[in-house]
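Heads up, the chain below is alone and in the form predicted on its own; it's given as structure tokens.
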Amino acid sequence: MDRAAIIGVGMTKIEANKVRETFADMAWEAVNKALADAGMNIGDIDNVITTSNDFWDGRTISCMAVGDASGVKYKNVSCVEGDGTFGAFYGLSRTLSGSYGTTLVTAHSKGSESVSSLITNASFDPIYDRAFGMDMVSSAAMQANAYLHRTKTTAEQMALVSVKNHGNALLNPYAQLPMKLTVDDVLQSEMIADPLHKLDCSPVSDGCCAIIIANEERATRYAGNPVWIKGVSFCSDSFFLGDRDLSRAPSLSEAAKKAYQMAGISNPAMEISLAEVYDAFTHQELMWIEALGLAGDGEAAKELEKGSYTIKGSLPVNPSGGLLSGHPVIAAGLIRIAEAVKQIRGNAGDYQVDGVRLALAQGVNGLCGQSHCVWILGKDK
């Protein structure tokens, strides 16, 4: 693929309720941090992609709430509905088209102003499924049961993901829920939907993220430290849950395969230095690791027990604390990209992983991971 890089990242602190900040306030903060990070001003941005969701924002044309704060005046602007990684994919496409040298991508969400069970219930088919009252959490519980049954993973092993990620968040000043936990703490927390306890689930969160993508010529013009986009792909599975094997994620495997091919990766478990994956629930981190080819089928929990996925392990996963420590829907995937960029640059602070040269970031759309977007980022061109 042609060369493009991420040259600026910015994000707000992830919080349970940003009651004093509007959507525009959050976008203003994230955008200006990204511009400062790149050594640019808004005049250096050629076009803007905003990522949002009308249901989560409680308004139609939700992107309009952050347009001015994202600097869209006199610029070409487009809106993407869904996770921020998909908005970034569109932004990359625009940059590589040759029409624009730089693209600003934003993603925002305020879960505190939403009723997630009603919103995610509306994702189900209105004729066959919606009347059951299912939502994202209950469908994820079905997926967790299917995965645990197939792989013989235990609730205790699943809880280790929560222990690890909340512990990692203790080192991340932007995280919402830094906590020192034990497996017993997770298993004794409230049962939300069997087998998912409260601490197996990501929290309701508010936050915003922005990144700046530039083509090769523009990437070296500014003061920012470019991180090169080595490979990217996305893939979608069937909409109806009954048409899918919920214990597996073939759409993620296919997206990863294409991204690896683009990046020239033949052995991801050995070549990837770090992964920031979409851990909305504890079992999903384990599922996604396996589907990404970073662990053998049914082996992720065993690797976690050995410490392979800790900050000091052989393949750190979610050193930032992941979504279990703060999950602003829509912005979540873009934050994974921003965190991977920070790690490659070596400026992730107290949760910096040594020697990161190639990092993976993942975003998700849809129930039980219907669609996945995989990004491979590297230090070198």
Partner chain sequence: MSDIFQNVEPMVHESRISVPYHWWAGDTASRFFIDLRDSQKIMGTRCSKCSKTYVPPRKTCPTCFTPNDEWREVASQGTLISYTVVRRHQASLPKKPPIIYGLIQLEGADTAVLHIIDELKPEDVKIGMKVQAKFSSQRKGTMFDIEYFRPVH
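The model shown is predicted, which means the values in this text are computed figures rather than measured ones. Residue numbers count along the first chain shown, from 1.
FYI, the form predicted in complex with its partner chain isn't displayed, but the following is about it.
*Asks:* Within 4.5 Å, heavy atoms only: does N145 come near its partner chain in the predicted complex?
*Replies:* Answer yes; at least one heavy atom of N145 falls within 4.5 Å of its partner chain in the predicted complex.
*Asks:* Find out whether any non-hydrogen atom of T182 is located within 4.5 angstroms of its partner chain in the predicted complex, and reply yes or no.
*Replies:* Flag for T182 set to no.
*Asks:* Does Y351 reach its partner chain in the predicted complex, with heavy atoms at most 4.5 Å apart?
*Replies:* Looking in the predicted complex, residue contacts with its partner chain do not include Y351, since no heavy atom lies within 4.5 Å.
*Asks:* Indicate whether E303 is a 4.5 Å heavy atom neighbour of its partner chain in the predicted complex.
*Replies:* Flag for E303 set to no.
*Asks:* The chain here is shown without its partner chain. Which stretch in 132-140, 290-298, 157-165, 172-180 comes within 4.5 angstroms of it in the predicted complex, by heavy atom distance?
*Replies:* Selected stretch: 132-140.
*Asks:* Heavy atom within 4.5 Å of its partner chain in the predicted complex: which of Y222, F124, Y260, W228 fits that? Just give me the one.
*Replies:* Looking at Y222, F124, Y260, W228 one by one, just F124 meets the 4.5 Å heavy-atom criterion.
*Asks:* Under a 4.5 angstroms heavy atom criterion, identify the one residue in A280, A193, I272, I311 near its partner chain in the predicted complex.
*Replies:* Only one listed residue qualifies here, and that residue is A193.
*Asks:* Where, within 290-312, is there a heavy atom within 4.5 Å of its partner chain in the predicted complex? Residue list please.
*Replies:* Heavy-atom contacts to its partner chain in the predicted complex: nothing from 290-312.
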